[in-house]
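Only one chain is given next, in structure tokens, and it is the form predicted alone.
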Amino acid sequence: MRTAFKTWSVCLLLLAAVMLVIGPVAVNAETPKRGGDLVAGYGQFPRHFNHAIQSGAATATPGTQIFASLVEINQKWQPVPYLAKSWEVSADKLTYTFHLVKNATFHDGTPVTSEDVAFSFEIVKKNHSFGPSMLGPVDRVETPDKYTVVFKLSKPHPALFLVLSPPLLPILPKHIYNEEENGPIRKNPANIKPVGSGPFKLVEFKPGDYFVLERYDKFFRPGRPYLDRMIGRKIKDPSANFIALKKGDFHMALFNSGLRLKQVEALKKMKHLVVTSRGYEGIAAIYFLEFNLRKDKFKDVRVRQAIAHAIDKNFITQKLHYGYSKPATGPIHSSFPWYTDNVTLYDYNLKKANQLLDDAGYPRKANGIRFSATIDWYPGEPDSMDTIAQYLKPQLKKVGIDVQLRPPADFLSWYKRIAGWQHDMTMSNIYSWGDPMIGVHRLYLCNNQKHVVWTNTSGYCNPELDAVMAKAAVETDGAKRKALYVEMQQLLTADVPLIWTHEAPYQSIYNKDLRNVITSIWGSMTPFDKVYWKDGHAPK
């Protein structure tokens, strides 16, 4: 016993000696400094700031700085405290009890309470485009006291923590947004003059031009945020954005911010900038060629398989995208825990494609053409939309398909055509929003064939798949849920109702002197209260 004590004492002395040498460096490499502005260019500029009623990164990116949420999601896909300092989950996974911090206030000084959380839940469920699917399993929200919130579920909801995080469920002040006193929420002036409890408050907004967010000095995390202001400017000319980043006038660009990938490649070589794809794991955007399965020529799976074999995904990702994108193997993004590559893969094989089209009853005519088809796409993402459409025209002609390209006049024109099911094929994409049940199921559910884009506009229906997705939506055992989503991916890739071409080549570009920029799977749609300048101000 005495010998063991001596040995332990020696170990402690050695450890103390080591800590004297390395302690200051290992424990605190850099102390965050307060001060400075962060200027970012926005390719997609917000119309308003209330992402409780509007899905998409354009609204949620500034919105998550203005509004706080119950939890954050870290880079390991784990929930961590935010407005909720702690929580308990019942053994049957049907009751979630959250305990709120007691020092949080909205920007008008009003305390944040459980009533605001319950109110926000109802607003999102009623108004957000994902509201019913995200919050459908929640039967009710109880408020036993000012700082306790209880979510009562009718069935398990394995994605609930993701739903309660910044991009999807902002906590609104009930006294500002309630419809009884303030009218319909979509017409509420607070949508463009928001009042939240996040680290920054809106102080200036010129629609279509710029907005200014300023530090909220009474933010409930002491000492934060570190930045003085966040300024967002609308990017009207990608070339000007490129020059502003080169010169240091812009400190950040998100979701490529209108830049072409060739320009991103040039910026990557500049010593004052960091270019990274980290932070898009939660968004998990996948691009695809959608078939309108109501058209006879696409009802035969062999036709769809043939077109899949005629597309060289490696050419798209390596040559057209300079290696910034990855080939997509199916409906679930490779960043997701439920992803598998054990699926039906369609190698680039023109011989096989031609044979499948022959077998499907579409022989070449005298002019070498089997049939004609149109391809649509929406504007604004040239590298992932029109560049690929332009590639597909000569590529599919190699297997006898005459492609007629229909360049979009504007987004609304594309929207109306696809929502009206008036297309043959279209390039499109989805954000997966952290969990397949939130962002992926919508494309394939039999009962989700709506005249709205980013629903099941292809007209696909497979009852077996619906049953698998229904089980996965309530399965809380991680391994069993993964197995269900593996089955989903295998069913869909065998049926190939869409051709998943690539995972988004999104990059965040920011000045190397900025710290703590990417701390979550949500990237820029997470509070920037931890972000700071190395020297307390932007480089001069």
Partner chain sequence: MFAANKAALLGLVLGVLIALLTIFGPLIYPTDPFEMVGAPMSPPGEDLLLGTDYLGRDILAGIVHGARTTVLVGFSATSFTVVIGIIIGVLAGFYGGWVENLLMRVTEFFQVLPGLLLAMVLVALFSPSLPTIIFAIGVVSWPPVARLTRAEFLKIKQREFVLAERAIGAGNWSIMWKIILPNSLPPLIVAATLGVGVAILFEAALSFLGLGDPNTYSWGYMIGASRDFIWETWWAVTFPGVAIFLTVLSISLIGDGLNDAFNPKLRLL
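Numbering follows the first chain given and starts at 1. Just so it is clear, the structure is predicted and the values come from calculations on it, not from any experiment.
What comes next is about the form predicted in complex with its partner chain, which does not appear here.
If you check its partner chain in the predicted complex, you find a heavy atom from every one of 322, 390 and 407 within 4.5 Å. Contact with its partner chain in the predicted complex, judged by any heavy atom within 4.5 Å, is made by just one of 371, 411, 421, 315: 315. Scanning 85, 102, 260, 294 against its partner chain in the predicted complex with a 4.5 Å heavy atom cut-off leaves one residue, 260. Of the heavy atoms in residue 386, some are within 4.5 Å of its partner chain in the predicted complex.
The closest non-hydrogen atom of residue 395 lies within 4.5 Å of its partner chain in the predicted complex. When contacts are judged by a 4.5 Å heavy atom cut-off, residue 94 does not count as touching its partner chain in the predicted complex.
Residue contact with its partner chain in the predicted complex: residue 403 places a heavy atom within 4.5 Å of it. Only one of 260 to 268, 74 to 82, 199 to 207, 175 to 183 places residue heavy atoms within 4.5 angstroms of its partner chain in the predicted complex, namely 260 to 268.
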